[in-house]
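Just the one chain here, laid out as structure tokens, in the form predicted alone.
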Amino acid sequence: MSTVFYQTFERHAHGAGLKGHATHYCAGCGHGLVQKYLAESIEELGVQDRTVAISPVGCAVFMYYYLDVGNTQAAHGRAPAVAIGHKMANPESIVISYQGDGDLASIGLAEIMQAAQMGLPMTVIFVNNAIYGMTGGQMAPTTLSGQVTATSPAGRTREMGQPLKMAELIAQLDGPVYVERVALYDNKQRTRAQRAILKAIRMQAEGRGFAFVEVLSECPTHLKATPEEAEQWVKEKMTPIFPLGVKKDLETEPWFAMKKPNHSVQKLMEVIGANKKKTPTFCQAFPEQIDSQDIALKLAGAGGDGAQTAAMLITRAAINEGFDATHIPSYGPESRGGTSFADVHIASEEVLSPASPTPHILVAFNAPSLMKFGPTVQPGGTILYDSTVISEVPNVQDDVQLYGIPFTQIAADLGKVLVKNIVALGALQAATDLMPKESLLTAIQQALANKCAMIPLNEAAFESGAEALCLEMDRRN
């Protein structure tokens, strides 16, 4: 009896009685056989302790209930990308990406093509039953012409496209070394499928390259057929469209001998250029004058205004001070000129949601941003906007403080318009006392560690923004 297969199926009745030996697959489904062949191959090759199976979205998602190996569940279609990560992080692992047709040939088409072309020694098992099985029987990329599905009730027509032949597509790429299509409809085909799966895993274990096995599988439930009728349908209807056989089989020598990456903290610090020195802190306490636990900010403008950079500097400063902080960017379609905003949270303990739909503080670099986000600022909040380019302000919540500071003009007077976001940071600090100015200046200095010549200009921009805000306050008083 295989040691790779779990002996009881704990999902049913906690593994008790007959249900403990049942599966969640429908009678006649091909997944059970394919996973049996996977387990037998893993055991025969003696690679159980270093195998990682990538479970997909779809009927095969519960593969981890059956195989006693490492397992990661990937988002829909992303199994090959996750598999690459496992293989590169642990080159000695045996990585098996196990996917259905809706998963691999539709939403995951880009991932499988790029992974195959990359050619790393990995094994992909592609279960093709010509239907979206788990989600209701919709038309899949491999659905046959004329086949009735939930989304092609009159049959797949020419306007809906032709079924994708994945084995042939993969075989045309330079990366794969072994590609075969097999079936399960009789004992002869099952033996061939078993051998193909064993070979695909062996080629990975020997470091020879990328292997892809497509398995034509029965789905009696959505065919509304008995298991025997479903097998006959695969034989008579699927194999003429998806011919069985080896599509590619290269005699390659073992070549993959990648060393295991160094994951030590010290090495990681070197790679990211982290400063080994302890960053000084300046906050005496969390800025409870804004909120007792979690402060939400939004910085918005056009692409190129520097809203994202300013947001990252605030986040870095907060983290330096020991607070939990998050930065979520949102970009427009252009890097310059398009819309761009960032949500920032600073929490005394833990940020529970990184979005800032109703911020305490808004920094707006252009009129559309102020008009859109100004009304969302919480009562008692603060809005700072660039009065160089904004002349009209919207209606806002009660007690919201509005400060128009000429960010762009101040930066231009300093000789570089690009530092207007640092001018805004200086004004923000003076208006809200979010953190001591030293906290934000330290974050700026860290960000410019490789551009030290820029530090004096940015420090001057920060101080100029703070001075402009103080002058505006004096004017009001």
Partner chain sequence: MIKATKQKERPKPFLFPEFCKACGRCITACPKNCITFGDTINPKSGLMPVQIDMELCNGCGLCLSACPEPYGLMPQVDNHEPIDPKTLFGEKNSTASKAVRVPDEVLPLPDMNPLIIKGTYASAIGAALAGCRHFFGYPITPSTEGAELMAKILPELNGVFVQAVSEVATVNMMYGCGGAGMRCMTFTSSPGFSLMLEGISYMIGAEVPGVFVNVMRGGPGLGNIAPEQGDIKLACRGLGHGNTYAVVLAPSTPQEMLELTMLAFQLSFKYRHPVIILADGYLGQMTGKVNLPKEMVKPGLPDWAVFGDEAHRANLICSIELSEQDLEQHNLHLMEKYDRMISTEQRADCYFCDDAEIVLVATNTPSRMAKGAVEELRRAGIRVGLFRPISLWPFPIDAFEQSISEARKIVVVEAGNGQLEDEIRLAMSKAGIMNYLPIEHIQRYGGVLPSKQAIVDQILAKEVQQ
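Residue numbers count along the first chain shown, from 1. In this text, the rigid core denotes the largest set of C-alpha atoms whose superposition between the two forms falls within 1.5 Å. Quick caveat: nothing in here was measured; it's all calculated off a predicted structure.
Only in words, not in the display: the form predicted together with its partner chain, which the text now covers.
**Q** Of the residues M435, V52, A431, L441, which one places a heavy atom within 4.5 Å of its partner chain in the predicted complex?
**A** The residue from M435, V52, A431, L441 that makes the contact is V52.
**Q** If you check N395, N187, Q284, Q172 against its partner chain in the predicted complex, which one has a heavy atom within 4.5 Å?
**A** Of the listed residues, the single hit is N187.
**Q** 107 to 115, 396 to 404, 364 to 372, 139 to 147: which one contacts its partner chain in the predicted complex at 4.5 Å, heavy atom to heavy atom?
**A** Result of the contact check: 107 to 115.
**Q** Using a 4.5 angstroms cut-off on non-hydrogen atoms, would K36 count as touching its partner chain in the predicted complex?
**A** Flag for K36 set to yes.
**Q** Would you classify E288 as touching its partner chain in the predicted complex, given a 4.5 Å non-hydrogen atom cut-off?
**A** No, E288 sits far enough from its partner chain in the predicted complex that none of its heavy atoms falls within 4.5 Å.
**Q** Give a yes/no on whether A225 approaches its partner chain to within 4.5 Å in the predicted complex, heavy atoms considered.
**A** A225: no, not in contact with its partner chain in the predicted complex.
**Q** Might M258 be said to contact its partner chain in the predicted complex, defining contact as any heavy atom within 4.5 Å?
**A** Yes, M258 lies within 4.5 Å of its partner chain in the predicted complex.
**Q** Given a 4.5 Å distance limit between heavy atoms, list every residue of 82 to 98 close to its partner chain in the predicted complex, or none if there are none.
**A** Heavy-atom contacts to its partner chain in the predicted complex: V82, I84, G85, H86, M88, A89, N90, S93.
**Q** For a quick test of reading the superposition: does E350 move by 2 Å or more at the CA between the shown form and the other one, rigid core aligned?
**A** Yes, the C-alpha position differs by at least 2 Å between the shown form and the other one.
**Q** Once everything's superposed on the core, is M312 shifted 2 Å or more at the Cα between the shown form and the other one?
**A** After core superposition, the C-alpha of M312 moves 2 Å or more between the shown form and the other one.
**Q** Are G85 and N262 closer or farther apart at their Cα atoms in the predicted complex than shown, with the shift being 3 Å or more?
**A** It is farther: in the predicted complex, the C-alpha atoms of G85 and N262 lie at least 3 Å more apart than they do here.
**Q** Hey, the CA atoms of D68 and H12 end up closer or farther in the predicted complex than in the shown form, with the change being 3 Å or more?
**A** It is closer: the C-alpha separation of D68 and H12 falls by at least 3 Å in the predicted complex.
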